[in-house]
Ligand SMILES: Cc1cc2nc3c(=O)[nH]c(=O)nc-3n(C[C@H](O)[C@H](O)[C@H](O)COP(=O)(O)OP(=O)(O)OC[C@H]3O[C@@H](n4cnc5c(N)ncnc54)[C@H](O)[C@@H]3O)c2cc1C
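Presented below, as structure tokens, is a lone chain in the form predicted on its own.
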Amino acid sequence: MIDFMLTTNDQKILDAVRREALVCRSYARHYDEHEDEFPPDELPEAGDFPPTMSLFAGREPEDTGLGVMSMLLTAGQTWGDYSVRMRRGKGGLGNAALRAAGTPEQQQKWGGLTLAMAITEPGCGSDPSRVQMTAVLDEATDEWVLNGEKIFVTTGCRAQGVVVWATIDKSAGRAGIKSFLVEKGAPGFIVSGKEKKLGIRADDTAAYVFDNCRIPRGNLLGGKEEIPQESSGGFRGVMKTFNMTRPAVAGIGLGIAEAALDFTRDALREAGIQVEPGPGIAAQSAAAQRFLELEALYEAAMLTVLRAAWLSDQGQPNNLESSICKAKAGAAVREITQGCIELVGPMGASREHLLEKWFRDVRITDIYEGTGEIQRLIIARNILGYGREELK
């Protein structure tokens, strides 16, 4: 039976993360308004807080599984701020792909680097199967030659390398798409700049250009001989990466949404509006009723995230549940933050407070790791048994 009740050990860890998050929040506005600056890898206050992983010592069998705890920790961190961390850990989305599909040799060589993941292109956004960037094998030099552009690469400036998607055969569609490990500094690999964005401004999102970029044949994710269509470094293999990163993205947005709810609850209380679950619509104000609806939406979305993570903890498939929680949270966090702004009025749009920033920051939750529309297509294919052509 699924049980998301937290133990004493669980709660201690989450309480510690919230204390850190409040410190991070104090830096949030600065880095939002100075997006040319990168938040430090470690805040000056870091010495006052033990590393989060050290808090996991002495875990008991009845404590919550690491998959579920990781989602709660993610939400706890972004309750403080999306971009600012007490300590910025190494690793990016590309590291998740490396762990999912890399050979032991590749994991040993590349595992210590921070790796971004480059999928999106100027003409290819929501459908990664339409990747146009090419990889051509030069048999004479035993190298892959990469050509193309990538945009909106998360952690693209800070990353030391990237897992980049490219096609070795455009006529093969998805089957022709492979993933390649490329280190910064490779000839022909150009970081063309940091993107300016609506939200998460302090996060470094980059654009890449690959101009006859040559990399060793062994940099094909999964190994140099893994060319067959169903290789681990192919489309299907690397897509499995998203089964845990999609719940994490949902958790990121829900952490921000919870911060918005907390702010709004306090604002309503100061205005003399009591929010109490239980009384019917006629027994409380419209503002209180609307707030309770937003709070219920948050809780429903968080339960979908925890279920997807719980399935992973149990070693069970969670492809469908990962898409469900990503779609649910992506829509929920936008409604929650907008609803909070509507409830508090002009205060919600003021830069004196972080609510307007949270409204901007959560927008990304419904975009990256596959848009809400794409998640709904995945859900339809899983539940209704529709094929790709039927859903066009």
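Because the structure is a prediction, the values reported are computed rather than measured. Heads up: residue numbers just count along the shown sequence, starting at 1.
There is also a form predicted together with the named molecule; it is not shown, and the following applies to it.
Student: Taking 70, 75 and 311 as a possible spot, do all three reach the named molecule in the predicted bound form with a heavy atom inside 4.5 Å?
Tutor: The answer is no: none of the three residues contacts the partner (heavy atom, 4.5 Å cut-off).
Student: Out of 200, 302, 181, 84, which one falls within 4.5 Å of the named molecule in the predicted bound form, going by heavy atoms?
Tutor: Selected option: 200.
Student: 133, 124, 113, 292: which sits within 4.5 Å of the named molecule in the predicted bound form by any heavy atom?
Tutor: Comparing distances to the named molecule in the predicted bound form, the residue within 4.5 Å is 124.
Student: I'd like to know if residue 15 sits close to the named molecule in the predicted bound form, meaning any non-hydrogen atom pair within 4.5 angstroms.
Tutor: Judged by the heavy-atom cut-off of 4.5 Å, residue 15 is well away from the named molecule in the predicted bound form.
Student: Is the gap between residue 189 and the named molecule in the predicted bound form 4.5 Å or less for some heavy atom pair?
Tutor: Outside the cut-off, so no.
Student: My question is simply whether residue 21 lines the interface with the named molecule in the predicted bound form - judged by any non-hydrogen atom within 4.5 Å.
Tutor: No, residue 21 is distant from the partner.
Student: Hey, in the predicted bound form, does residue 160 get a heavy atom within 4.5 angstroms of the named molecule?
Tutor: No, residue 160 sits far enough from the named molecule in the predicted bound form that none of its heavy atoms falls within 4.5 Å.
Student: Would you mind picking out the stretch of 317-325, 150-158, 166-174, 213-221 that comes within 4.5 angstroms of the named molecule in the predicted bound form, counting non-hydrogen atoms?
Tutor: In short, 150-158.
Student: Pull the contact list for 364-390: residues with a heavy atom within 4.5 Å of the named molecule in the predicted bound form, in sequence order.
Tutor: Heavy-atom contacts to the named molecule in the predicted bound form: 364, 367, 368, 369, 370, 371, 373, 374, 377.
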